[in-house]
Structures are given as C-alpha cells and as structure tokens.
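The chain below stands alone, shown as structure tokens; this is the form predicted alone.
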Amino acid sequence: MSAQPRTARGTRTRAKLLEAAETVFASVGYHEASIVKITEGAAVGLGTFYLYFDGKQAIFDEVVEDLNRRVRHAMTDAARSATNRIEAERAGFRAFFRFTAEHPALYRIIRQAEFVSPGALRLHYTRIVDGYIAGLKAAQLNGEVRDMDPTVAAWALMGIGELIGMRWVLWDEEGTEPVPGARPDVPEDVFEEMMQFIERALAPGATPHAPTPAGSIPPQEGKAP
C-alpha cells in the first residue's frame, strides 16, 4: 500500500523515492535491494519513506506501475498524430524502443516482477494489451486491418516488440546484458524488417491460409484437386 502526498514538496519527495527505487531494483535486484539503499539514493530519511510506502514490496509494485504508465503514455502520445493503424503501429513501436533504450530498467524490473509480484506483472501487460485491443477493433471497423481476433493479435504484437527490444536494445552483440545506462535504439534495418512483417500480417487484403483437414492430402502442383 502507498500513500499519495498532500503537498508539492511531498510529491517531489515521493517521486525521488520512486526514481531511486527504480535504480536500486534494476541494479541489484529485488532481494538485494533495501529500503536503506533506496532512501540513500533519494537523499531522504528512513522515516520519510514510510510516509509514502508500507515497505519494499509496496514501492516495487509502484515502480512497476509507474514504468507502465510512462511507457504507455510515450506510445500513445507518439501514435496520436497517425492517420491509420499501420502508421500508429510504426510510431508506437518507435516510442517503445526509444523508451526502452532510455530506461533499460523497464525490462529488468518487469522480469523480476514475474517472481516478486505476479499481480503487478499481469497488470503491466494487460493494461498495455487492453489499449492495443481497442485500437485494433477501431482499425477493423475502419477497414484498415484484416478480420482477426484482436485479443490474439494484440498479445502477438506486444510479444514482437518485447523480444525485438530485448535482443537489440537490452542485450549487447554477444547476447549478454551490457553495463547499466542508456542503450542504443533498435537498428533501422531491424525496425524496417519487423514493420514489414507486421504490415503483411495486418494488411486488409491478407487472408490466413485455411488449415488442411486432418487425414486429407493437399493437391499437388500442376494437378487438378
């Protein structure tokens, strides 16, 4: 549980604690993190911490929520001026990768949440997906994307962004995590290859191949079915 500040000074202090907690959790991990390390990083007293947070779990959950809010805002704001769904996808993915490059703690903390706070992890992903589903449904009504299950498509698209970002933003060329700090953006050729894949998958004229019925033999080339 966390408490909202009542003054501008309190708002700044709480923000400093969240910023320090993000750094500590990302650098040493949840289990090695301590409230003392967080308050030292924020340059506030230990007693001040408990004015806003009940304990380490409470501030961890708030850090996850804060990162989620910021990345969703970055993606939504970037896609706001798009005139169609494909443009919105392109702008949203660019914003996501840029945010990840500037805040590599996003990946590290979300991965920790899988074990530390599964509820916070689920909330992080479902909040992103819910907005995605709404956008895809609207695009379907406008004829901008093909007929599909928007829930499945939303999770698939989010998975693409998650793993592309992990490989080309978070990891170095040897496939291991680099030193902490801002990272380079996704290379342009990688971004364009990803977008071509997404555009083909969402194109209004694209129709999925019908599965071959069990036990049947597909017609051979050059022969009538």
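In this text, the rigid core denotes the largest set of C-alpha atoms whose superposition between the two forms falls within 1.5 Å. We number the residues from 1 along the sequence you see. Because the structure is predicted, anything quoted here is derived from the model rather than measured.
Another form, the form predicted in complex with the DNA, is not on view; read the next lines as being about it.
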For this session: Check whether T48 has any heavy atom within 4.5 Å of a heavy atom of the DNA in the predicted complex, and answer yes or no.
Result: yes
Exercise. Does T23 make contact with the DNA in the predicted complex, using a 4.5 Å heavy atom cut-off?
Worked result: no
Problem set entry | Partner contact for G55 in the predicted complex: the DNA, 4.5 angstroms, heavy atom | yes
Exercise. Would S34 sit within 4.5 Å of the DNA in the predicted complex, counting heavy atoms only?
Worked result: yes
Problem set entry | the DNA in the predicted complex: contacting segment from 38 to 46, 62 to 70, 153 to 161, 190 to 198, heavy atom within 4.5 Å | 38 to 46
For this session: Determine, after fitting the two forms on their core, whether T23 shows a C-alpha shift of 2 Å or more between this form and the one not shown.
Result: no
